[in-house]
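As a starting point, one isolated chain is supplied in structure tokens, in the form predicted alone.
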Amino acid sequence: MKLRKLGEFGPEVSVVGLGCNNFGMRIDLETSRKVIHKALDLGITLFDTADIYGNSGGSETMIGQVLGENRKRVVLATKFGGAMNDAGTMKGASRRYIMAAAEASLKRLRTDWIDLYQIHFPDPATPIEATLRALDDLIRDGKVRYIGCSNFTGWQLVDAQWTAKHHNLHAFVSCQNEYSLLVRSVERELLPAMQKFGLGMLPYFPLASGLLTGKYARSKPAPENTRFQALQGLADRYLTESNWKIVERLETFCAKRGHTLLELAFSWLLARPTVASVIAGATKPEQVEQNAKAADGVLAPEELAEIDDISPKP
């Protein structure tokens, strides 16, 4: 498995990361154990989770139970900020909440440090300086090594990086946002800002929730035990006429060149500026293996140009 540096200032990570959002939600502990061990066997070093995954803590708990001594082999990334209770009182990016959330994640993960601690969503109720000061203290205390943001816009990232520099605080090293052949809105403002400040991109939903795997067909119902079969809202979002047209043209492109759609989705992202690792979830070990293999492809400049004609820039 190839490694890349996460931006200019972050750690080295495997070019394929394991998204752990299925643990405790779609798969149980034993299946999660098999997925984690397969990822380790393949050389995947980036494990990405969040405190809200797995019904508020389940994913982190399972990772902590399974990793054991393998904890030292991985870059463990988690997130805070999403609502951890129905009342909505446990969320956000205030200092008080961050300190409590970090301690809870460390306990569930059974670790003394978090490699990459990410704010899951912007918090309009908290000044970014307050958030960064709390995160800076966690780094100085040795409980966190690097910090990142998720779902930030371009201006929010610039504001955060300027604030960190102005107040001599540790700054974000990465952004985690949705990015795929079907969702390219980050290219308008966020990616240029990331390049300016030297941040690394961690795309989530790189396969558009499965639409870029090739397992769906326009004329057939979604297969059993898939996201689109289980979550109608997700199906409504992605299974649009415009997306089907793009996918069908991409499938034709792949057929002519001996690629699979899965390989194209990974290799295209890994050819984009700032992308360090493509985070993909899995519900079984075979999917982890397929994802790892898909990252081996390299696209020629003329192929990238043709893809831009199929999947136009925003």
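For every residue, the number given is its place in the sequence shown, counted from 1. Nothing here was measured: the structure is a model prediction, and the numbers come from that model.
The protein also exists as the form predicted in complex with a small molecule; that form is not presented, and the subsequent description refers to it.
Stretch 148-156 is the contacting one of 100-108, 189-197, 148-156, 67-75, since its residues have non-hydrogen atoms within 4.5 Å of the small molecule in the model of the complex.
Contact check for S14: every heavy atom lies farther than 4.5 Å from the small molecule in the model of the complex. At a distance threshold of 4.5 angstroms between non-hydrogen atoms, N243 is out of contact with the small molecule in the model of the complex. For the chain shown alone, H120 is a contact residue for the small molecule in the model of the complex, at least one non-hydrogen atom being within 4.5 angstroms.
At a distance threshold of 4.5 angstroms between non-hydrogen atoms, G210 is in contact with the small molecule in the model of the complex. With the partner omitted from this view, the residue of Q287, T260, T31, T61 that lies near the small molecule in the model of the complex is Q287 [heavy atom within 4.5 Å]. Between the small molecule and the residues A39, V247, L46, A282, the one pair within 4.5 Å by heavy atoms in the model of the complex involves A282.
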